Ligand code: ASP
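Shown next as C-alpha cells: one chain only, the form predicted on its own.
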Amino acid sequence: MKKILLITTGGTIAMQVDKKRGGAVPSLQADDFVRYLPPVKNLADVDIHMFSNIPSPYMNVPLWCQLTDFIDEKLSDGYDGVVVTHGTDTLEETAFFVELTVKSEKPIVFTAAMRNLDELSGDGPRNIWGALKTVVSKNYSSDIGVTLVLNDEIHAVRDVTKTYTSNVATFRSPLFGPLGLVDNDQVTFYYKPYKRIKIRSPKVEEKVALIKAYAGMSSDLIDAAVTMGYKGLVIEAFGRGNLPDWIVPSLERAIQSGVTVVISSRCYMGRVFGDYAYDGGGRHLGEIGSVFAYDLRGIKARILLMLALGKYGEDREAVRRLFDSL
C-alpha cells in the first residue's frame, strides 16, 4: 500500500463560517480533515501535516520556497506521493511554482474547494478524495508532473486557470483541456503535458511587476516600476502581444537600464508572436529587446521570470532561451 502525505495550507477548503464576523474564516486543524473523508485504509496509508492555515491571498514567495523544500524532503523520506490542499485564489500560482522548482518526480497533486464546509454540498471532501485516488493511481507516471484535481478533472498546472469567482467548475485548461478524469474509482489520463520546464534557482527575484494593458494606458506605471528598482516587468499586452506606440520609449528605457521585459497576452488563449510590425506591435517589441511568453499567461510568466532572474541575473539571452523553450 502506498504511503501518501496530505499537506494542508489553508483556504476555503479549511474554513467554516464565523457568525460573529459574518463570513468564512480559517478553522480546521490538520486532523479535522480525516472526519470529513471516507475511510482511506483500503486506498493508501495517509499521514496529514498542517503546513499553514491561511487564506490563499496571504501566500507569498518565501512560503512557496518553504513548501517546495518540505515536499522534496518528505518525498525523499519514503512517501510515495503528496496531496496539497490550498485556497483557490492563488492555487495556480503556488502549484506552478512547485512544478518549476520541485526536484522529485513522484506524484504531487493540488486540490481545493469553492465552498466551505458550512455551505450546502461542500466540495472539499470530494475533491480531496479525488486527489488521493489520483496520487495513488498506477497511471500517474513521472513525466506527468504536478497536477490539479478538482470537480473530478485532472489538470496540468501550467495550463489551468481559475475562470469563475464562485462556481465549483471554476478551474479550466482553456487551450488544451484536462489531462484526465476521476470517474468513481477509475483514474484515467487521456494525455500528458506537451511540454514541461524545470528551473532550480539559487534565489527568487521578487522585484518583478505584472502590468495589464488597457485602451489609453499610460507609461507611468512602467516608469514608476523602473524607478522603484524592479528587475523585471511582465506586460499583459493586447492580442498577439501588441502595445500602443507611446509606450515604446518607456519600454526601451527600461530595457536599456537592465530591466527584463516579458510580453504575454491579456487573452486567456493563444500565443504571443511577432505578427505585427507597427510601432508597438509584437515584432517591434521583440526588436527592441522584449522577451515573449508565448502561451504562458501573465501570472505564470511572472513566476518563471522571477526564477529566471534569480538564476541568470542580467544575462537576458539566458532568460530569452528559457522562455523560447516554452
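In this text, residue numbers run from 1 along the sequence as written. What you are looking at is a predicted structure, and each value in this text was computed from that prediction instead of being measured.
One more form of this protein should be noted, the form predicted in complex with the ligand, which is absent from this view; the next part is about it.
You can rule out all but one of 55-63, 253-261, 287-295, 42-50: in the predicted bound form, only 55-63 has residues with a heavy atom within 4.5 Å of the ligand. Every residue in the set G11, D89 and M114 has a non-hydrogen atom no more than 4.5 Å from the ligand in the predicted bound form. In the predicted bound form, none of the heavy atoms of I303 sits within 4.5 Å of a heavy atom of the ligand. Though the partner is left out of this view, L307 does not reach within 4.5 Å of the ligand in the predicted bound form, counting heavy atoms only.
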